[in-house]
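What follows is a single chain, given as structure tokens, in the form predicted on its own.
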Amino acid sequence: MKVCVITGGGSGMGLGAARAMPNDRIFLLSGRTQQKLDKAAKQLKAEGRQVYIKTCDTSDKKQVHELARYAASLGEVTNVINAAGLSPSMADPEKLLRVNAFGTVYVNREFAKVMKKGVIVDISSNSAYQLPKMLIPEKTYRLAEKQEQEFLKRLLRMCGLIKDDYKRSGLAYALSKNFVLWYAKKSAFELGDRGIRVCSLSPGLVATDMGELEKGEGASMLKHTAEKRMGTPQELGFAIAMVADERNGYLAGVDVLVDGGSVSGKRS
């Protein structure tokens, strides 16, 4: 039977994606909080879905490895949605880089080992588009797989130039999410000949617990959206499910920007 894995699946966009995916598969939800996972599983089971849960901190390679092996024991892993992540209000720069950047590396690597074919969707953010081109350190991005400490050192040095705590974390967040765009594209071209399609998807500000934490600083983004509002978990969940659906087989190596027009509005 097909298996759909959703990291960060206990709430928000991850849970919304599970609800929007076809029902003909097993769902494996992971996250850091057992209570959220229990609640989400109960809701999805009441809707007729077959659901398993497993706690996992995606910044821990061993835990991601164990999650991938567990998923493979349930059936054929065909869909992986990596929605786990932290925002600037939730962590310091190093933690943001470990979860958002290294977490993406670990998820893509470990699940590629157990997938015969299918799709991986890495969740980024429209904050990835806010960085000036001159601040995008692609040479440093190339270090993430084999020189983790050097990768961290260089990006933290960039963030350390900012004195304000929130803005320092904000830069780390933007860098980590820009890295997700870069790494998803890299993964697409490395895994495509094996029948594993990889994309990223970048939400704008979404009305989740995380979104509410960032609403004050993110108000400037909202004024540039077409409808002057936050997105909903249901809207983003549907968009993610559309990208993750194996029927959407020719969509690969790109980012899908789902931010209510915020980036376009700001540029125009």
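Predicted model only: the values in this text are computed from it and were never measured. Residue numbers here begin at 1 and follow the sequence given.
The following text describes the form predicted together with a small molecule, which does not appear among the structures shown.
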State yes or no: in the predicted bound form, is some non-hydrogen atom of residue 36 no more than 4.5 angstroms from a non-hydrogen atom of the small molecule?
yes
Quick one: is residue 177 in contact with the small molecule in the predicted bound form, heavy atoms, 4.5 Å cut-off?
yes
Contact of residue 90 with the small molecule in the predicted bound form (heavy atom, 4.5 Å):
yes
Find out whether any non-hydrogen atom of residue 199 is located within 4.5 angstroms of the small molecule in the predicted bound form, and reply yes or no.
no
The stretch from 188-196, 78-86, 131-139, 160-168 that lies within 4.5 Å of the small molecule in the predicted bound form, judged by heavy atoms, is 78-86
May I ask you to choose, among 49, 32, 65, 224, the residue with a heavy atom within 4.5 Å of the small molecule in the predicted bound form?
32
